[in-house]
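As a starting point, one isolated chain is supplied in C-alpha cells, in the form predicted on its own.
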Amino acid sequence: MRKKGCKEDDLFSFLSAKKDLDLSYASILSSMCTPPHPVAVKAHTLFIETNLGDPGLFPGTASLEQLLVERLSTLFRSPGGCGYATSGGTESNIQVLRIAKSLCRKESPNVVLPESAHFSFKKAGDMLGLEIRPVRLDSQKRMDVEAVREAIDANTCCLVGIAGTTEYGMVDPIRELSSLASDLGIFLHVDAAFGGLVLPFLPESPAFDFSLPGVSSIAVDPHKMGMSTIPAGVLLLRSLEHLCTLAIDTPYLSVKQEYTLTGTRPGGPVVAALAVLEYLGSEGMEAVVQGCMKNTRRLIAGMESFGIRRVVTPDVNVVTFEAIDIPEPWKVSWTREGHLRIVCMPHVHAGIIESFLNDIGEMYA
C-alpha cells in the first residue's frame, strides 16, 4: 500500500488505462451478460451504499428486494412464492442443494442432473459432501429422462433440470422431471439462470416453472437477460418452510435470523434488477426477447447459407455451430464438445450480426 496517496487525476488516468485493456461488448459474442440498461445504472447508483446483509437498517431497500421476489414469483406462476436476491446462479444453486440435503436426511445423498448442468453444481457438491450424478443428454442436447430414472435411487435428494443450458440453449424436459419428482417425493430444482427471463416472453416455450407441481425451486439471474447491473441473481422457492431450513441466528444485527449465504449483500444490483422489470414491463421485456430471438434466427440462416451447420435448434438465444475459424476481432466460445457457441444478447444487435456474417462470408462463401 502507498504511504502517501496519489493525485486523483493520476489515479483515474491509471484506472482508465487498465479499463482500455478490457474487451468491448461490440465484439463479444459469447457472454451471457450484457451492458446494463441505463435505468439499472441509475437505480444502482441511487442505492449504491445500501447493505441488505443488515436489512433492518435499510428497510426501503429490503422492501424492494421483496417486491423483486414477488414480481418474479408471479412471472413463474407462484404468486405466493418466496426467496431472496443472490449474487447469481452459483450462489442460488449452492443454497438449493443445502436445502435438499437438509430435507432428505440421507447418510450418502446424491443429486441427479444433466451433463449440461452448470459447473456451480460441482462446487456445491464438493462443499456439501454430495455425490453429483450427471446423466446423458439425448440427440437434441436435452436431459435424457430414461437416464434420469436409471440414476435415481433411495439416496437421491435432488433432481436438477436446466431451462436454457449454458452451452446449447436447450430446455430440459421439466414436465417429465416434475412428474418423477412428485411421484418419488424428490426435491426438483430448475436452473433458469439464463432462460428464466427469456422463456416467459416467447409465444411458445417449454413448461419449466411453478405451474408444474413438482418444481420446488427456480434460480434466475437478472444480470443476464434482465439487463441488471452485476451481480444480481434470485432464488425462488414454492415453500417458505424450505427456505427457512437455511435460517441462521444473527444476534448482533438488526434482524435476528437470516437465510442468505453471504453476509454483506449490495442493494444496488437488486434495485437495478427490479427497476428494469418495472420500467420495461412485460411488453418491453417481450420486445427485447423477441429481438434477440430474431437475431438468433438470422444468425442461423446466415451461417447455414455458408454451409456452416447448427448443432441443434435452440430454445433460447444461445446457438451452436460446427467448429470453424473465427476472424478478429470477434470473441466467441466453444462447448466442451468443441462446437462454436454464440449468445445473441441485447448488445448483439442486428448490425453486429450482419457485420459478423459479412466477415464469416469473406472466409467461407
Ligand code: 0PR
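Here the structure is a predicted model, which is why all the values come from computation and not from measurement. When you see a residue number, it is the position in the sequence shown, counting from 1.
Not pictured, yet referred to below: the form predicted together with the ligand.
Annotation: in the model of the complex, residues S31, D221 and R341 each come within 4.5 Å of the ligand through at least one heavy atom. In short, of 319-327, 65-73, 52-60, 32-40 it is 32-40 that has heavy atoms within 4.5 Å of the ligand in the model of the complex. Contact with the ligand in the model of the complex, judged by any heavy atom within 4.5 Å, is made by just one of A124, I162, L188, M225: I162. Residue in contact with the ligand in the model of the complex (any heavy atom within 4.5 Å), chosen from N110, S178, S78, T166: T166. Within this chain, G88 lines the site of the ligand in the model of the complex, having a heavy atom no more than 4.5 Å away. Put simply, K101 is far from the ligand in the model of the complex: not one heavy atom of it is within 4.5 Å. Contact annotation: S120 falls within 4.5 Å of the ligand in the model of the complex, judged by heavy atom distances. In the model of the complex, the ligand sits within 4.5 Å of a heavy atom belonging to A193.
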